[in-house]
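Included below are structure tokens for two forms of one protein chain, each presented in isolation as structure 1 and structure 2.
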Structure 1
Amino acid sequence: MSDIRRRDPRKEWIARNRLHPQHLEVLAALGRGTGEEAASEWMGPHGLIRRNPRAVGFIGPNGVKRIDRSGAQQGQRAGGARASAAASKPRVEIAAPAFLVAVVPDMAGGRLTGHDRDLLGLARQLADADPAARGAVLAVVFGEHKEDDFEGAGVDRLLHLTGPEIDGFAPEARLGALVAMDRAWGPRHWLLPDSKLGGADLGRRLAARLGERPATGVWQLEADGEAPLGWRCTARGAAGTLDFQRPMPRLVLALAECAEPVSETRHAAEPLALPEALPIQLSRIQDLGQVAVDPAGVALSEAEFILSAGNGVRDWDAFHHAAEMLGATEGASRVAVDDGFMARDRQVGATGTWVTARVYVAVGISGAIQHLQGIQTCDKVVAINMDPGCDMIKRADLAVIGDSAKVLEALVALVEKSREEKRNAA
């Protein structure tokens, strides 16, 4: 369906004329809704919003027609419009860029991560700062990917490199490609995510090879005419305890949330190719592939998602099964450990491990003070418990009162179902 709004003067005229036999049909056709209901709102010929109060409202309990002016009814309809708005974002083309901003996204799982999108947002800031001489954002993607929205993420040029030599952990080959790229196009800025997923490593290798002193842990950028590149940056240092204010260098390793991701515009994402073939290198590092690791064995303090069991858990096999299905790291309350159901290194709390999980699901844990102290820094706490009065429920962001075994069982079923759907869709 086209997004362009076309006006039909005849229909507008009919809509204004309440006595016209086709009045209601036209009204419906002009409205945003489908034909079943009469449109309640439309734009008049002079750009004014017109309302038809007869088309809105509902019959109240006393048989009187009621119109809800809180907008609740309108809110329900907003969805469709928003979806089409995404497609209608203005498209920006930069045909002859004044300079290049090279970005090397992590592409974890073959898709742009949130961190990558933030970084592309930062790249756009750099590229679009001077409207008179706009730069282009060049993304370098290694290996096969599943991303289909480079345009929406703010990529003007896309260099997609594939080949067996750069698959897996191949920092030397990838570095060779980046160096070749630097030689070919000489981007004004190099941006990499300062992340464990690869950006931190590759960025530092590039810095050492190019002989540039990079800014690492950058989380803030501001224009500064005196700096060589026109920008100043704030960089985290000393294990996150210091902020360094410094002129922005050519190579920047930036933290997540360093900038807002691009959301208003679409870009060309025009494919590029290197002018010359990659140099063949003898790799001194050989990737033997990933090793299977049991999620239950991940250190508690590092775990991102913990399923924790307490005194209320009766069916331990079901609990372990649930943890495995959810891909969660197992934790336990002190009691569960003391009773011998869980190992001591699984104990969460002030006397066990202080956890930093983003999501903490407490199953049958009443929430002793020491336990609550240990989960202080958890973002989201979910409690499944029989007792609605216990302290864990008060702490939890979401609490389900009920038989934990049954809830877990239902949850596992849901996860299985969604996995199944995903598999079928793929």
Structure 2
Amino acid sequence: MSDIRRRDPRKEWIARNRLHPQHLEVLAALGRGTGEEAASEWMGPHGLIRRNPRAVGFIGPNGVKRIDRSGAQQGQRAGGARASAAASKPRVEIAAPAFLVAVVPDMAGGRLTGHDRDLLGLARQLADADPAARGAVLAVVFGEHKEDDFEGAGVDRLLHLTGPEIDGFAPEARLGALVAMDRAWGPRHWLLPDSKLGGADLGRRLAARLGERPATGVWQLEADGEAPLGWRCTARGAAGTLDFQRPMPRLVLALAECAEPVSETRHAAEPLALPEALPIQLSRIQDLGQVAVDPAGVALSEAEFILSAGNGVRDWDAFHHAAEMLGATEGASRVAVDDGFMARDRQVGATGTWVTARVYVAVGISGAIQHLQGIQTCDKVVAINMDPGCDMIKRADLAVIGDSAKVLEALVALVEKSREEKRNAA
């Protein structure tokens, strides 16, 4: 066997391309290990150790730790790199926790929001503060959900409550469940999002029922051995113009970006069940279901389905008609906005709005780095483009190579045909 090291040009190209679905896999194959270590350094063709200055967590020459704003982590979802990266994370299991930190996420759209993940990161701070007596993070989820990454979000125990009395808008029934849970396990801390999606209202109801004086608008925690619970919290007040510090109470309503979300470990997320039946609540509120809204009036940051246009769109009337037929909220790239085809509040990206849609359809968008940053947390990305080598195609979970006008026309025809068949069947 020869000692000559042979190069693989294709693998070297994938190693340089952060948006390629196999990027981390190839780095792991070129490196001396797996996971973040392999993504940070590997053996070069001449026997020299090469370091990746774009790797997440890389310490630069000025001692600054790099964070990823490129959207590469989300691009990994298209292939097996995301699964391999998740499998390489150390798994944490807490068999006998010293205490519980209860978190009640909003779960907007049936999945963890960015605010929810920040809150779980804050809960991990509280649970892991004392290595000798570690606590466990208990997440309470109401109703059906679509989330499959509670382990990666830092959840040790999961209480999933369902039923007709819990589903929909049922604050009284949910409050009864939380009070029963407090009697059963007595969590040391209660954390809820201070948001308009339901967490703020439910948190204040729970505080009144438990007789606690909650801390609202919290954005930071600091260790303080003299405080009753060993922590001090900093909260926003006076319409966000002032910060107040106080000893941390048992119940906290926290703002978004209150802590870094969990990203380096996986947890057990063991299912739990309440030891007692849920109390029967004679609710004074009747939920009549969701009200249909005009997708054009939904803010981009709250939209679940976005049809976004770029420089490749030529027939704008057809694009607007497709968005109306599909029931999608319209978005746009910066080029389309600068050219005057779309309003400024429809711009998606780092210089526009960061979106968290379940489905994001990019029509004629090449995929500038700022745009990819803005769609990092979208679940599924569909790209329609003529250029098979553009960055948006590499990022997409599903790519359609072709004329965007013809693709949208065919899609609208399928929708009309489906609706006509339903009307005939009725």
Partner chain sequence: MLDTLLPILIAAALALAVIGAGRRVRLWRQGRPARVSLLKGLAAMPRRYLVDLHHVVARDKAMSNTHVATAGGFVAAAVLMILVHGLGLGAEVAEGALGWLLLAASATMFVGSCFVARRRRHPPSRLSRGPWMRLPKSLMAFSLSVFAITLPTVGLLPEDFGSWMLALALLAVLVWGLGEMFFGMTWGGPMKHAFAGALHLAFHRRAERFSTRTGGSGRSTGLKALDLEDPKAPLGVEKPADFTWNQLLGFDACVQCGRCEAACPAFAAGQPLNPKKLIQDMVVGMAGGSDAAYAGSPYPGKPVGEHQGHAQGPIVAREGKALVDAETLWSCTTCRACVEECPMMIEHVDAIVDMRRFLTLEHGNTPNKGPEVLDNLIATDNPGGFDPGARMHWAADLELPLMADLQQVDVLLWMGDGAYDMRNQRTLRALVKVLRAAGVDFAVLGNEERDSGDVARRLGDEATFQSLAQRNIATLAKYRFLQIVTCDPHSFHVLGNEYGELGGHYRVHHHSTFIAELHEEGRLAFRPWKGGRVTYHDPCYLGRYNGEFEAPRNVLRALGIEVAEMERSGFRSRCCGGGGGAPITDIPGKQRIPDMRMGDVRETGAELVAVGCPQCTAMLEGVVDSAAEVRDIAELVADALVEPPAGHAKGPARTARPLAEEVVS
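For numbering, take structure 1's sequence and count from 1. Every value quoted in this text rests on a predicted model; they were computed, and no experiment measured them. We call the rigid core whatever largest set of C-alpha positions still superposes within 1.5 Å between the two forms.
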The form predicted together with its partner chain is shown as structure 1
Hey, does Val348 budge by 2 Å or more at the Cα between structures 1 and 2 once the core is superposed? yes
Would you tell me if Gly114 moves between structures 1 and 2 by 2 Å or more at its C-alpha, with the rigid core held superposed? no
Could you check, with the core superposed, whether the Cα atom of Gly327 shifts 2 Å or more between structures 1 and 2? yes
For Asp317, give the CA shift between structures 1 and 2 in Å, the superposition being done on the rigid core. 6.2
